[in-house]
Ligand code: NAP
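The form predicted alone is given below as one chain in structure tokens.
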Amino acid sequence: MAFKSINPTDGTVLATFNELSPKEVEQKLERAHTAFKEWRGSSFEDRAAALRKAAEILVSEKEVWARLMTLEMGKPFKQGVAEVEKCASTCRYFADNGSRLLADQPIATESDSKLRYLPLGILLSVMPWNFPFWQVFRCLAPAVMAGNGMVLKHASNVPQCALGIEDIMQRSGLPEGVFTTLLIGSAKVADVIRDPRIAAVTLTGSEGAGASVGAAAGAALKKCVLELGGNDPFIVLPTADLDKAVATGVQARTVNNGQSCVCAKRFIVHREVYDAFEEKFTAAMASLVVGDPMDDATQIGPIATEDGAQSIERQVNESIAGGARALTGGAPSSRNGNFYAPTVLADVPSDVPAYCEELFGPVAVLMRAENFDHAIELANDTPFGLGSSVWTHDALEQQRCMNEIEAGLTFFNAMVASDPRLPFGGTKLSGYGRELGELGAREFTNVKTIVTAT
């Protein structure tokens, strides 16, 4: 099997890599195992120093890595720069706070009792292509700070990004093997999970990939964290600042060319403000600049893969055939490459793809809510439960949304975004477990109870 790095803007093949042989995989896993046995005894200071050095490298080379992301998966270059900077800030956050987050936790008992957070082992990290640096670093930084090792199985269409991250971590001062990239296909993942040197698994991807990895981890009795798809609601209620909601909504739907699990996808708008929102939002979506992602003027670049472009086209076509209306877009862009026009769908029946499936592209669905209760009902009418954004200044509505929306995150009067200080993850088919924040710092640790009689 060969891994091809293909530029989605024009279809050119940038590089080709061979899949690792079973012998090469074995050698890398053994080296990772040897490195972990050394690394788990390292001090918090040594771990923090490696993360700070990684952050320094990322910032000094941010344009190099942003360009690579743009070439491999079509992310607008300026968004790539921001992604690299976010990776650096996350490394610094866990370097600065890891010793506090992982410090012994005293427990009041008759004896001297405490919890100690010890490294779990080597993690297998199965990551997607849409944020090829950020998705890796948001699990890498807390894992390394906890004293764990990591082997990365990245998406097959971003092999250069995968190898680039390995290069950065080798230069950060980590012992060789603490972080390792495995260029293997999805069919080999279960074998790696079963390997006794792997302690746990983390995956970001589709619900299908999550079910497969979760089943393999369960069969091997290994800890697993799954961050899966989303069909996030963006609820607009009568007290919202409508212009701000529109501007933020367009950004929330189209960030990363609309290819984000935590993108706003379903815009649920109260009937009192629906018509005004529809007019403003559709005009804003229609005005977006589609083009070369290396051009700073570009707001929408290509879909990352040809399969992805075909999938979004099928979903929209089937939805329109089923009764949905395209207020703008509704077809591939006239440009060569994997481009799809920014699209707004309305009057979407409940049995078409645009209602019930995740749309991974610049396609927004508008829904009219008759009242607040109906808005909550629509928000929860999905098998997913990742993020949610609610636009209201009514305190009672905010409280009800906090309690009643079935999601791992609810943001008010702002778009959903990850932050190294805040735990991130979902519920229902969006997965389980948490990354980032205090919970993410401790997710892959052996929480050992220690009692010393007095």
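Keep in mind that what you see is a predicted model, and the values were worked out from it rather than measured. All residue numbers refer to positions in the sequence shown, first residue = 1.
Beyond the structure shown, there is the form predicted together with the ligand, which is absent from this document and is the topic of what follows.
> The ligand isn't shown here, but in the predicted bound form, which of 87-95, 73-81, 206-214, 107-115 has heavy atoms within 4.5 Å of it?
Only one stretch qualifies here: 206-214.
> Considering 250, 126, 146, 165, which brings a non-hydrogen atom within 4.5 Å of the ligand in the predicted bound form?
So the residue touching the ligand in the predicted bound form, by this definition, is 126.
> Would you kindly say which of 401, 386, 32, 55 lies with a heavy atom within 4.5 Å of the ligand in the predicted bound form?
The residue from 401, 386, 32, 55 that makes the contact is 386.
> When you measure heavy atoms, are 272, 343 and 412 every one within 4.5 angstroms of the ligand in the predicted bound form?
Per the other structure, none of 272, 343 and 412 touch the ligand.
> Would residue 311 count as a contact of the ligand in the predicted bound form, using a 4.5 angstroms cut-off between non-hydrogen atoms?
Residue 311: no, not in contact with the ligand in the predicted bound form.
> Please tell me whether any heavy atom belonging to residue 228 falls inside 4.5 Å of a heavy atom of the ligand, as the geometry stands in the predicted bound form.
Residue-level check for residue 228: yes, a contact with the ligand.
> Is there a non-hydrogen atom of residue 156 within 4.5 angstroms of a non-hydrogen atom of the ligand in the predicted bound form?
Residue-level check for residue 156: yes, a contact with the ligand.
> According to a 4.5 angstroms non-hydrogen atom cut-off, is residue 360 in contact with the ligand in the predicted bound form?
Although the ligand is absent here, residue 360 would touch it in the predicted bound form, with heavy atoms inside 4.5 Å.
> Could you list the residues in 401-433 that come within 4.5 Å of the ligand in the predicted bound form, counting only heavy atoms and keeping sequence order?
Just 424.
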